[in-house]
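Starting off, we have a lone chain in the form predicted alone, written out as structure tokens.
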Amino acid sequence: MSRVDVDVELLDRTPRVATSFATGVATGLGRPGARGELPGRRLVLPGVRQDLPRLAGFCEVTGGLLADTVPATWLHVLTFPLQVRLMSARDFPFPMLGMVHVGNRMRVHRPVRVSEELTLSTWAEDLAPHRKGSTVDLVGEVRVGEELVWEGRSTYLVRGDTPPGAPRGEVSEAMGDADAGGSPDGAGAAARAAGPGRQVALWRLPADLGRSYARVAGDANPIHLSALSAKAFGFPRAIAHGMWTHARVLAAVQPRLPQRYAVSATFVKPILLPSTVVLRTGGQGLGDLAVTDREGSRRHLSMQVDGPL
């Protein structure tokens, strides 16, 4: 996931997500879309220390335990403001509103301790055609000194024209027809074909879950905050953050995770709030995990955990 042939924009503080959102909305019109190019730079933020009260709130909202090491999904939360800063910049080809997070991959090289000072970085790459438009990856890294300890890759779908020069045969047909945009690869379709699996947990999600997660994660997208704001974007009610679901599943299996592992999540169907969902597993080990409705007929998330690396 590393990339070194880019310019570096060194930051002296964590970007304010609300400010970046406002900039992205204000400059959203007139962007070139798939005809443009991704920014050729990496955002880097050194000297990051943990905000312990916020970390404790994140663990509470996602069902985890505050410990001397941090959840892998918390490291995504730390890099998220850099992602938003990059996507809101004028040289990013797509308007930020309307981009849908359809998949996430993370690679944990070793547990990250709460006491460690971190350097965060992010950049955009892999603009690719999709039968509904285009996908683009926002990549993140976390280092302790020079040591790479965590990598993340968030895949976003942008509905519209495909990149120019892409033959029809190259446009991905493996992506699902999910309400929130579709799966980022064929793994989602394969997992759905495998059936609902064995129920291991049942979670009742309150109507204000999106607001609770937004307070600790900083992702205040209107589709998550209230029924009224979600309806403006075509949803009947607020929907749960995909990364909340991702974090909740990893928290549920945290005692069984190895020291080093890779995890891939596909956000299949949005979870309308309030709701009741079920965590299911396809076998005895971690392997394939899924979040479905109570009956198992509607899949919201598919996840594959592999480890040790």
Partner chain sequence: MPDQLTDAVILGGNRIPFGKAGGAYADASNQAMLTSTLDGLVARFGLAGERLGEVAAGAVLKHARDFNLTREAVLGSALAATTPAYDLQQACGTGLETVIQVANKIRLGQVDSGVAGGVDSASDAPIAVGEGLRKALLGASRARTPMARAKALAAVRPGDLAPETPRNAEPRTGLSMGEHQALTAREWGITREAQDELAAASHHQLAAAWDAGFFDDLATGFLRLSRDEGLRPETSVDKLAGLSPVFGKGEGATMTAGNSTPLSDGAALVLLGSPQWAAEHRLPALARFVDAEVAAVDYVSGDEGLLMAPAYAVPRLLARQGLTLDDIDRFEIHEAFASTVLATLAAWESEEFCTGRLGLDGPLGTVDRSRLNVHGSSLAAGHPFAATGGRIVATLAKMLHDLGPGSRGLISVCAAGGQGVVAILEGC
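Numbering follows the first chain given and starts at 1. Everything quoted here is computed from the prediction, not taken from an experiment.
Below, we refer to the form predicted in complex with the partner chain, which is not included among the displayed structures.
Query - Candidate stretches 42 to 50, 269 to 277, 23 to 31, 239 to 247 - the one whose heavy atoms come within 4.5 Å of the partner chain in the model of the complex - result: In short, 42 to 50.
Query raised in the report: Within a 4.5 Å heavy atom cut-off, is Leu38 in contact with the partner chain in the model of the complex?
Result: No, Leu38 stays farther than 4.5 Å from the partner chain in the model of the complex.
Query raised in the report: Ala56: heavy atom within 4.5 Å of the partner chain in the model of the complex?
Result: Flag for Ala56 set to yes.
Query raised in the report: Is there any non-hydrogen atom of Gln199 lying within 4.5 Å of the partner chain in the model of the complex?
Result: Taking the distances in the model of the complex, the answer for Gln199 is no, it never comes within 4.5 Å of the partner chain.
Query raised in the report: Is Arg113 close to the partner chain in the model of the complex, meaning a heavy atom pair under 4.5 Å apart or at it?
Result: Judged by the heavy-atom cut-off of 4.5 Å, Arg113 is in contact with the partner chain in the model of the complex.
Report task. Go through 64 to 99 residue by residue and record those having a heavy atom within 4.5 Å of the partner chain in the model of the complex; state none if no residue qualifies. Result -> The stretch 64 to 99, when checked against the partner chain in the model of the complex, contributes Leu65, Leu66, Ala67, Asp68 at the 4.5 Å heavy-atom cut-off.
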